[in-house]
Ligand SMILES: Nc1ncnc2c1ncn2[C@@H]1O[C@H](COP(=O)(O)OP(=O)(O)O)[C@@H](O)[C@H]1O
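As a starting point, one isolated chain is supplied in structure tokens, in the form predicted alone.
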């Protein structure tokens, strides 16, 4: 049932990130399981007596809120410092003449007992020898008490001697639970100020929050506000608008191509065993399945004969599950500068995590990692380093990213990628049997606006023995040109002419295809 336009039904409390004065403790938002886990990691770092904790994030206010709550739970005093305000206890006035970095450290040294000191943008001053030395001296003194200096900035680069004393804390992006109060606040604000109609129920508003996952909180709320104002209403169409705006906001830099879900298994002929496998694994994505103990699937590797629908099958998973779809361009990873290719891969995998839930499609995966199975001399070990990065991610990644990789020649992939546990399953897509070829003719004829009932698809299936799905599609396209040129309708006879004039890959590359099929007999699961 749709919600009313009354803002009170959308927001029962102020947005948790309402701007607060410097040095005050911001309001603590309600915590979900993801937020509780993040706070526990922060508590652990402080209780482990790490003298310096580094936090790289643009979400300063959100981290400040979390640190303030953690300090309260631990009953430890919290101090703030910035170059504009100086050093002061939370809720109190700043100390006189404490705005200069070196003087701030001198003041910290005089404060006794347990304490947490949050220093904003302080890392940029650590290249100064005196400041670096003072910070290291404090770190040595802090090891025997629950005293931590927290360095907070959007980007942190420390001198090696200071970095050796520091422990990083990953704030992570907000979960849908954390975004939901802000989403309700924005909807209440825009509907109140612009008198916009609301036609989303509670579940729809929850889905809005899920669709914004992957963005920092304030950016997520800006994206939502912009989409609502552009649409001039809050309805089901807003869900897709928000997803599209999120894709643009993530700035993938060409490493990931975010794609619309334009395929499902209704667009695929055959591959019944793969369909059944995907259908069963969908249960693990539901709360009921997770309570039962089902583990979300990690991914599949689909190999087989060229042109038989491997890429379409990989894309169809996103359509079946309602996941986002992103394609990793293996060629875009490589960079001429040492170390940049590995950074590109890490950046792409991080982007995929931000898009979650997502199907990450790597087409022709052997193009990026084939050389990793050799000595590494061909590319100075670059493929091996990229492979190590990918395998580590595959092993340790969080949920929400399903890897769907395709390969035309799986035999050249390194064995460590193929062992059980990397992919949940390896499927082999073979040349289609007669019944599947008939279904393919029907699918492609329908796609071109033709009624398959007007064609003898069984006769066409028999004539196209050895054809792949792509070759069947090309035969229909060629038949359309022939029929148009003759000023007649497309017919079974025209299609038979095109089929008989075509030498399929199974004939021209017979030895290679035979070798691939033999390899798959004992090493992969037949997709059909």
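Residue numbers count along the first chain shown, from 1. Computed from a prediction, not measured in an experiment: that's the story for all the values here.
Below, we refer to the form predicted together with this ligand, which is not included among the displayed structures.
For this ligand in the predicted complex, the listed stretch (305 to 313, 319 to 327, 234 to 242, 203 to 211) containing residues with heavy atoms inside 4.5 Å is 305 to 313.
Among heavy atoms of residue 444, some come within 4.5 Å of this ligand in the predicted complex. Not displayed here, this ligand is approached by residue 267 to within 4.5 Å at the level of heavy atoms in the predicted complex. In the predicted complex, this ligand sits within 4.5 Å of a heavy atom of residue 473. Contact check for residue 408: a heavy atom falls within 4.5 Å of this ligand in the predicted complex. For the candidate set 118, 401, 87, 440, a heavy atom within 4.5 Å of this ligand in the predicted complex is found for exactly one residue, namely 440.
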